[in-house]
Ligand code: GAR
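Coming up is one lone chain in structure tokens, specifically the form predicted on its own.
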Amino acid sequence: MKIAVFVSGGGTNLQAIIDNISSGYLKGVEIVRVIASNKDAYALQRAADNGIPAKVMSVRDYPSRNEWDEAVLSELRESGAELIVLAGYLSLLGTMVVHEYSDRIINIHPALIPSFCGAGMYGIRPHEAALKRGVKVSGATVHFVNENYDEGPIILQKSVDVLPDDTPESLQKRIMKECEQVILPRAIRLIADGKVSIENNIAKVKED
């Protein structure tokens, strides 16, 4: 299965996908394109180090959002991508891309949806909100993407305990390592193996 990975920052989840392809866990999966929302994303270096074609496509660089949407769609078509993976991607995809790739776009969110999600909840913010609310567990969610932030069907979730001395940064790091980098490759494998379906806006997962 050919995938395109969208990134905005350091690319730790992109690296997790690359590592799982190298190990054979993601057998038959190929990253055919990395698309970054900004030129300073370190994820671009990770792509270069692994010989993966990458492109910076910031909405700010196009005359209109529609033209950006069309350009991204054209890039995806050219790449042959069958699945889009948003791995720390901080922009909202365009309507044309979402429609053409309906039920073929997944995102990793650093909280247990429906908690601490939606517009503006990205990066460190979900972790700050979780600690402020005093929750005892937090984690990450892989879900399908629709036109609204974090509202698509949930595929997988994984949790960790929130520790008494946690800071937003320590919680973010633990969730990234113990949750995000575990369930994102797993979700890709399940989809590649045809084990995920959607019924009535609920993702049904047929595990091994």
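In case it trips you up, residue 1 is the first one in the sequence shown, and so on. The model shown is predicted, which means the values in this text are computed figures rather than measured ones.
In what follows, reference is made to the form predicted in complex with glycinamide ribonucleotide, a form of this protein that is not presented.
Note on the partner interface in the predicted bound form: the residue among 83, 121, 96, 71 having a heavy atom within 4.5 angstroms of glycinamide ribonucleotide is 121.
None of 108, 105, 130, 112 but one reaches within 4.5 angstroms of glycinamide ribonucleotide in the predicted bound form through a heavy atom, and that residue is 108. Proximity of residue 90 to glycinamide ribonucleotide in the predicted bound form: non-hydrogen atoms within 4.5 Å are present. Interface residue remark: residue 185 is not counted as part of the site for glycinamide ribonucleotide in the predicted bound form, having no heavy atom within 4.5 Å. Shown alone here, residue 12 lies within 4.5 Å of glycinamide ribonucleotide in the predicted bound form, counting heavy atoms only.
Although the partner is absent here, residue 154 is not a contact residue: none of its heavy atoms lies within 4.5 angstroms of glycinamide ribonucleotide in the predicted bound form.
Proximity to glycinamide ribonucleotide in the predicted bound form, taken as heavy atoms within 4.5 Å, picks out 174 to 182 from the listed stretches 154 to 162, 22 to 30, 174 to 182, 56 to 64.
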